[in-house]
Structures are given as C-alpha cells and as structure tokens.
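The chain that follows stands alone, in the form predicted alone, written as structure tokens.
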C-alpha cells in the first residue's frame, strides 16, 4: 500500500513562527512611520480644512471645519493672500526654470571632465567640486551676503572695471523688465496690465527673476551641482570600456559619442537628477529664511517660505497648511509631467528598416557580447 506524504498545514509549524517573527521585526518601523509621518500629514490636512488659530489642540471641539475656504483664500478669492501666493509661485517658477536646467548641465559637464582618465588630480577636483554640497547652507548664504552686498567683493570687481553693480540682495527689479528698459519699454500695454492668474498681472508674471532672486539662483547652482556631479559620475563609470572601443571603431568623434551613446545611456541618472532638482527647487526655504524672506520687495518669497510665514508669523495656520498641500500637488504634477517627457519611446517603424547601424546600436551589441 502506497504511503502518501503528510502535507504541512497551511500557516502552521515553522512558517507560522517565521511570519510572527517578520511582523515583530517590521512593527517598530511601521509604528514609527505611522506616528511620525502618517499622523502628522493627516493632522496637517485637517488643519488646512479648519479655522484653527494655533491655540490649544487642533482637535479641540471648538475648532470648526471650514472646508476649502483656506484653499480658496490663496487661489481664487481676490485679496492680499491671493496676491502673496501668486507672487510666491511666480518667484519659485523662475527659480525652478533657471536652477534645474543649469545645475543639471553644469553637473554633467563637471562629471564628464573629472571622469577623463588623462586628467591629473582627479581626486582633488572631485573633492573641490563636491565640497560646497557638504557645507552648511547657512554658512554659504552668509558668505554670499558678504560677496553680494552693495559694498561687497562683487561690486568692488565691477567698480574696478568702471561699472556700478546693483544692490544684489535687495534689488527687486526683474531681469526681463531690466532688459526691456534698455530699449525704452518701461510700462506695460493694456493687455499686459490686466490681471493674470492668482491675482498677479501678466506684466508681473513676465518680469523674470529679480536681481535678488538671481543671486539666490547662483547660490543654489553653486551648492547643488557637486552632488549631482557625483550621480552623473557614477553613471559614467557604469559605461564599460567596450562602449568606447565600439564607438571608436565606428569612427564616432567625442561629440557624436557623447550625444549618441553616452547621454542616452545616462537616461536613468538624468531622470533622477531632474526629479531631485525639481523637488528641491520647489521646496527651497533655508536660503530665503536666512535672508529674511521679506527683502527685495518680496521677490525672493516662495510658497515654502510663505507657508511658514503665514503659519508661524501671521498665525493663519489653515492658510499656511493649505499652501503646503498646494505645493505638494505642484510637485507631484510636475514630477509626473517630467516622467512622461523622459519616458522610453518605442522606435518608429522606418527606423527599424534603417540598414545603417548606429554607434549606439554597436555599443549595445558590444555590451551584450561582453555580458555573454
């Protein structure tokens, strides 16, 4: 008579012990995440929907639910709150448009240079370029204050050549307005003078970053390019030597190799750098806090700083929390848009029939051959 092997009971024996041990191991991490992340976010969401005045607990029965009033106050209701929020969004938008592309390009160029085998002292240059990233932002802002004051080193250099520099950190003039003034355009047309989105006129939307914001843009690029240089450097070092050999055999020059082989293979790193740069640029706060935030006519004010100021200075906690959640939605939407733009695309049909091999295809075949 054939004997059948006894099947282990589901969820019993050793498996049950492993499951219990797994739950016990992850329980502290889950508990910490719920207490210090999920609950604060849920409480902030409740504050953004209430009229809490900052006294006692926000869960006090006297705190009323006001729905979307706080969101409407900064987005649709005409008034000072809407204008401040619109100005902050405009300032931050210019900050993002200048900082993200420039810091990405500079970081990529630095990584390519310090990755060259023939470069002497590569370790020194890598450390020197990365050093601003590990220095306190507050310390760098204070150094920039000394450099960009009206009597600072920058204006001293400009004065040496006979020029007169602006009061960098207090000048609220938009650089696009400044360029237009050189050709005699100082007043907006009737169409541009009309109100635009978020209570800010089209003329003000097109003002460009102020001189003060331009100084912050330079500061941000100086402090972040080293960090992203390391990411690009790691990506470059993952490209094998056989790729270079294949491109050289195809007769591709350095420029063709960079744009046809190196840059496409850096797409994952490029996406990471752009995403981190985008998120960090919309969350810029510490530099503005050190400079006071209200200087330069509010042209360095950003939504992150406005959220802090509205909550902790003006004690309008509901509006401050609402601004924070609107900023969160901004970041999510722009990250999704960036992901869609940088998505992998299927090659078109006519490219598949192209009989001429490309340098990237040869490089890919060389890589596959190396793996085998």
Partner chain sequence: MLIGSSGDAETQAVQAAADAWGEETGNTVEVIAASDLVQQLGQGFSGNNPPDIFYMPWDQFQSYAAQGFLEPYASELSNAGDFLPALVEQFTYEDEFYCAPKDFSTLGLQINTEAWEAAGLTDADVPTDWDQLATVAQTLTTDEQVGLSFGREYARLGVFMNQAGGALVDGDTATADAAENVEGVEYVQSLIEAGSLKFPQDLEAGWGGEAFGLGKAAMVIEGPWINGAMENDFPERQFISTELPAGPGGPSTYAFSNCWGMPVGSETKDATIDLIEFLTSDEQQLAFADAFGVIPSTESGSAAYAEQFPENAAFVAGVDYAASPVAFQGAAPVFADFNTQLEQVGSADAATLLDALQGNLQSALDAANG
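Fair warning: this is a prediction, and the values are worked out from it, not measured in the lab. Residue numbers count along the first chain shown, from 1.
One more form of this protein exists, namely the form predicted in complex with its partner chain; it is left out here, but the text below deals with it.
Just one listed stretch, out of 49 to 57, 327 to 335, 66 to 74, 33 to 41, contacts its partner chain in the predicted complex at the 4.5 Å heavy atom level, and that stretch is 49 to 57.
Interface membership of residue 220, defined by any non-hydrogen atom within 4.5 Å of its partner chain in the predicted complex, is ruled out.
By the criterion of a heavy atom within 4.5 Å, residue 298 is counted among the residues contacting its partner chain in the predicted complex. For the chain shown alone, residue 143 is not a contact residue for its partner chain in the predicted complex, no non-hydrogen atom being within 4.5 angstroms.
None of the heavy atoms of residue 342 is located within 4.5 Å of its partner chain in the predicted complex. Every member of the trio 84, 149 and 289 reaches its partner chain in the predicted complex with some non-hydrogen atom inside 4.5 Å. This chain lacks the partner; the member of 80, 117, 191, 183 within 4.5 angstroms of its partner chain in the predicted complex by a non-hydrogen atom is 80. Comment: its partner chain is not present in this chain, but in the predicted complex one of 172, 275, 260, 137 has a heavy atom within 4.5 Å of it, namely 172. Looking at 259 to 277, no residue comes within 4.5 Å of its partner chain in the predicted complex, counting any heavy atom.
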